[in-house]
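Consider the single chain below, provided in structure tokens and representing the form predicted on its own.
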Amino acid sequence: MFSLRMRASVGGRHVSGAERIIPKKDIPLVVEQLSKRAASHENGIPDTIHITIEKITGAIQYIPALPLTSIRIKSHIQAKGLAVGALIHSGIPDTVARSALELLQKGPAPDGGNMRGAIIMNCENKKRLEPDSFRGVRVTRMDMSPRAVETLRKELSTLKLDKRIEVIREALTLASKVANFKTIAELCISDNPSNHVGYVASKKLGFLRMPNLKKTGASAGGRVFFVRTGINLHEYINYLEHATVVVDQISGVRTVSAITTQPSVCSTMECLLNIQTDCQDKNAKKKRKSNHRKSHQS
């Protein structure tokens, strides 16, 4: 298997990127696909496209995707409130959650622009921990298996979101890898001007897709990974940037509607917590059945 990574930039500014874990025979096709994608990105026509192909020599870690919930939200104000509420329910203090959201909405780099990677933030004191506040930390060497992609496509079609399969696939893959290792929660807002969708992800609540998390046309965005005091930063960054991870199982796709009143944040969170618990129970039952079949076969 090979890790294929595409990065495109214009004037030194990052405009597009993608990750794939593929067999050798698929390299020419995927290179062509990602090159075309980079050359026509809405963030700008790149003057540089880097494609890195690297043979995987270490172990590949296979993990399930976070349960995906698409929340129907019409109001930008409501979306922000729900994002903060989701972060609080994931263990992030209110002031830290609001600070991170404001940071992404105004431009998280020191010059007020977007970063090439993600912020690492101490969830207890808002301190930023990434070594380079312009570059941030890039999550690499990850993909979703073809079988899981097809399952995701079928699930999204029931929600009429199958046209967004590539964007959702890549975001869900990244969030699942990040949540798998010492990350308390993640906040993401798309930096594409035409995309107003963002998400909050955590092991507690799963992957919460939220429309209207920014105003359409705004170009500011990015990611924040929340961690605890005392984390081994070198080990954490090494995992994000170098561990090879493939998402090989979809853990459920569903949609809920957010109500417009303030108490709805709590009500929606309670609903999501119940959904997450139900999903975990179902996955545990599947695992027990699988183990039972294996024991009989042996």
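Just count from 1 along the sequence shown to find any residue number. Values in this document were obtained by computation on a predicted structure and should not be read as measured data.
Missing here is the form predicted together with a small molecule; even so, the following discussion is about that form.
K.L.:
To test your reading of this chain, name the stretch in 157 to 165, 91 to 99, 74 to 82, 117 to 125 whose heavy atoms come within 4.5 Å of the small molecule in the predicted complex.
P.N.:
Checking each option against the 4.5 Å cut-off leaves 117 to 125.
K.L.:
Counting non-hydrogen atoms within 4.5 angstroms of the small molecule in the predicted complex, say which of R138, K203, R169, H196 makes the cut.
P.N.:
Exactly one listed residue reaches within 4.5 Å, namely R138.
K.L.:
I need to confirm a contact call. Of M142, L208, L213, A185, which residue comes within 4.5 Å of the small molecule in the predicted complex, counting heavy atoms only?
P.N.:
That would be M142.
K.L.:
Heavy atoms within 4.5 Å of the small molecule in the predicted complex: does G107 have any?
P.N.:
Flag for G107 set to no.
K.L.:
Any chance L174 has a heavy atom within 4.5 Å of the small molecule in the predicted complex?
P.N.:
Yes.
K.L.:
Just checking whether A179 would be counted as a contact of the small molecule in the predicted complex - the rule being heavy atoms within 4.5 angstroms.
P.N.:
No, A179 is distant from the partner.
K.L.:
Does any part of T151 reach within 4.5 Å of the small molecule in the predicted complex? Heavy atoms only, please.
P.N.:
Because no heavy atom of T151 falls inside 4.5 Å of the small molecule in the predicted complex, the answer is no.
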